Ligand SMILES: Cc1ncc(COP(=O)(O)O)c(C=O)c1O
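Next up is one chain by itself, shown in structure tokens, the form predicted on its own.
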């Protein structure tokens, strides 16, 4: 064994010894927020709607990346994570960025440039959701065209889409509700009929499938979030994926200051770069030799992740099958309990061709008062709840100028009647038993 390898083994041993010395059992980090069977106390321990599904392996990866890695910012670990993420979710190319919101921002910008969309071209999307699906459309001078939701799944109503399509419509931006896809056959038929692209905000639906294929396989480009609440977490972080290499190249440029250089990972250390021609006459209006790393072809940002986030991501990918299975089980258990003991509520189901990796357990109440009462009861008993995000986005101060909220009657029901609790992989039988006893006593 070389001296370098011996030092790496010693470092890892020292890290593990440190972790062991600072916790009785550091593996219990897999059940964050004190929700393990060993230490969960009914009515005392908070039940958070989600959280990072980490154990000591993520902590070791962080410390190794910081103490023995060659990069602090995006480097070899991020590059490996991009490759492994693409492989795991059956997509050719991926770029990691610093958040899911940033992923949406650069994805929309890259697709607009690649397909040569013009300002004020139209993008169709649900009027209910999280603002960072809508914001990039506006930020890239495109026009959002809203679709009301249907109340079975809470997804946008596919039967309303065609009447909104014009000669300026370029794409449909799908964001499945809490991971649950709409009828993808119908949606894809509409896209094909009108020659529209499908964009996917996959931040809440990583791992969800339709007819055995991941949702991202149906889209020209997709985004993903690694925020702590999401299916896998790197603390913060996001990803853009596509089978179109040029789209991903534009995404990387936009996220890396707009530069033309496409070196990643260890290639950044090569004196000649990936292209083998790093120093050349790169500028058409300048006859001198220029370093390709300082050529800028886009007006970009700095949205790079840290390399330690890539190291965490590599560990998280190994756990994804377990996370998927446990999220599905948590939702099913909670749905059974809720529908048995809470009169009048409804929990949406997935369609027959879908397998949903649930972000949360959606609850549709019969009226405003029943929602208020149930949310209050959960929160008072330390079960965390969340709104279905913004509700009708046109009610929000930042977006109310776009259109009248009254045009979307089903969306206006959301804040009155809809909320969700978790479907987290951390949940276990003591939690399910507590929720059941709590609802029996209500």
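Not measured: the values here are computed from a predicted model. Residue numbers count along the first chain shown, from 1.
Omitted from view is the form predicted in complex with the ligand, to which the following refers.
- At a distance threshold of 4.5 angstroms between non-hydrogen atoms, residue 99 is in contact with the ligand in the predicted complex.
- In the predicted complex, residue 108 stays away from the ligand, with no heavy atom inside 4.5 Å.
- When contacts are judged by a 4.5 Å heavy atom cut-off, residue 204 counts as touching the ligand in the predicted complex.
- In the predicted complex, no heavy atom of residue 241 sits within 4.5 Å of the ligand.
- The partner is not drawn, yet in the predicted complex one stretch among 126-134, 327-335, 251-259, 348-356 has residues with heavy atoms inside 4.5 Å of the ligand: 126-134.
- The listed set 170, 230, 371, 112 contains one residue whose heavy atoms approach the ligand in the predicted complex to within 4.5 Å, identified as 230.
- Among the residues 316, 77, 175, 208, the one placing a heavy atom within 4.5 Å of the ligand in the predicted complex is 175.
- For the three residues 104, 225 and 237, a heavy atom within 4.5 Å of the ligand turns up in the predicted complex in every case.
- The partner is not shown here, but in the predicted complex the stretch 371-406 reaches within 4.5 angstroms of the ligand through a heavy atom at 389 alone.
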